[in-house]
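Presented below, as structure tokens, is a lone chain in the form predicted alone.
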């Protein structure tokens, strides 16, 4: 669905009117297309830790111009701040304030990325305060940026260097147009597993991916994005959506599987189709989901059970089959669709929120099981995304939902698809059991 307000305040005579009236002016976001350069202007790297040079070296190897100090009147594509060796809150000031002074040079659609360590139970109080302080700083800074710019962080578990595969993969994702609607979020890299792809523009080459709920909307966009990145896609949806499903499968040159994922043998059918038609299965995206909204006082068993059945119980059954199969052991990836409703709750969505919170819990608990095969499982939690479903929301409510985030606009299905494609890629191998919000830093939730 088109956001006409965004168009009106950014073009033609209405642009000046909006400016004079001081109306909110959400900026068009920079989104990725195959072959795009990672950035078009220099990147400022701040930090004096031992690994800051390694980060600069990675950027240089990606044909990025790197500055270690801000230059007067030169626009920047991004500012990367190394805070990985903090041991006391007093140490925050130096590079944080240096980054602040450079913000006026940040080009529209620019990025600020911090690289830090997460707090752990064994931290000394001062260390814990410093590490937690980065989160408050970064989330607040994301609210302050304008012109489509974003601020996100990479957290590295103790012992994981900023030069690790996972850190490099996360940095490329956050610097690129692939993360256009990700704002105020942290990606935790827990270990050094993963691999640098032979081709950053086609990191999924040779992989076979299943996408459930692929007949339309976000699912169809996931199928297109995984295909663009090199994967062979198996599009799955219910028989009633067969015509639309076939159209998507034909468009992406994949195959279609008509299947009710709540069937007890859904996992076996998915595996059989993939092995028979493509010889392998590497990636499963649990996108299929339904809503049956009602206040709990008016909720009946059918509404509750159907949402739980499709949104989480089906995933649990399918995952159990996958994790027991010899055909799903080559650095496998599972990515599930959660929701910001599962984090913060939403009126009239007790069943939906329970199912999506369940996805986050399942993801965390399954992580060590799939790690035994060098694999990962993660979740993506979209906020307000422009879809056929959100287009049916009453106008006033829809406008409020669109503007209540740092980027003052709704996301697009491709924004969700980009996050999923990244988490399914080899360079995200060190990210396991996490959930990533794709919500423009919506005010709902953490």
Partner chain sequence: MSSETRAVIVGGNRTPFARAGKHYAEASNQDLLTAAIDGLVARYGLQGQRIGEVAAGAVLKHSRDFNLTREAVLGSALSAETPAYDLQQACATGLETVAGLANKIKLGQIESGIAGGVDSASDAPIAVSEGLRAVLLKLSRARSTKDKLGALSALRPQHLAPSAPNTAEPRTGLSMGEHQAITTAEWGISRAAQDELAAASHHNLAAAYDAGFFDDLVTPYLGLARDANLRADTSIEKLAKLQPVFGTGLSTPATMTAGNSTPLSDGASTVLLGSEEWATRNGLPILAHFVDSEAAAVDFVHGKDGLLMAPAFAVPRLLARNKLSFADFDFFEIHEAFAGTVLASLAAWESEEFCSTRLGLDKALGPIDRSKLNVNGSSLAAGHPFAATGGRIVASLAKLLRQTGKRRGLISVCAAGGQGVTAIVEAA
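If you're wondering where the values come from, they're calculated on a predicted model, not measured in any experiment. Positions refer to the first chain, counted from 1.
Beyond the structure shown, there is the form predicted in complex with the partner chain, which is absent from this document and is the topic of what follows.
**Student:** Pick from 219, 203, 254, 375: which has a non-hydrogen atom within 4.5 Å of the partner chain in the predicted bound form?
**Tutor:** It is 254 that has a heavy atom within 4.5 Å of the partner.
**Student:** The partner chain isn't shown here, but in the predicted bound form which of 326, 276, 302, 264 has a heavy atom within 4.5 Å of it?
**Tutor:** Residue within 4.5 Å of the partner: 276.
**Student:** Heavy atoms within 4.5 Å of the partner chain in the predicted bound form: which of the stretches 172 to 180, 245 to 253, 305 to 313, 139 to 147 has them?
**Tutor:** Of the options, only 245 to 253 has residues within 4.5 Å of the partner.
**Student:** Should residue 349 be counted as a contact of the partner chain in the predicted bound form, where contact means heavy atoms within 4.5 Å?
**Tutor:** Residue 349: no contact with the partner chain in the predicted bound form.
**Student:** Answer for residue 122 alone: is it within 4.5 Å of the partner chain in the predicted bound form, judged on heavy atom distances?
**Tutor:** No - in the predicted bound form, heavy atoms of residue 122 and the partner chain never come within 4.5 Å of each other.
**Student:** Heavy atom to heavy atom, is residue 369 within 4.5 Å of the partner chain in the predicted bound form?
**Tutor:** The answer is no: residue 369 has no heavy atom within 4.5 Å of the partner chain.
**Student:** Within 4.5 Å, heavy atoms only: does residue 258 come near the partner chain in the predicted bound form?
**Tutor:** Result yes; residue 258 sits at the interface with the partner chain in the predicted bound form.
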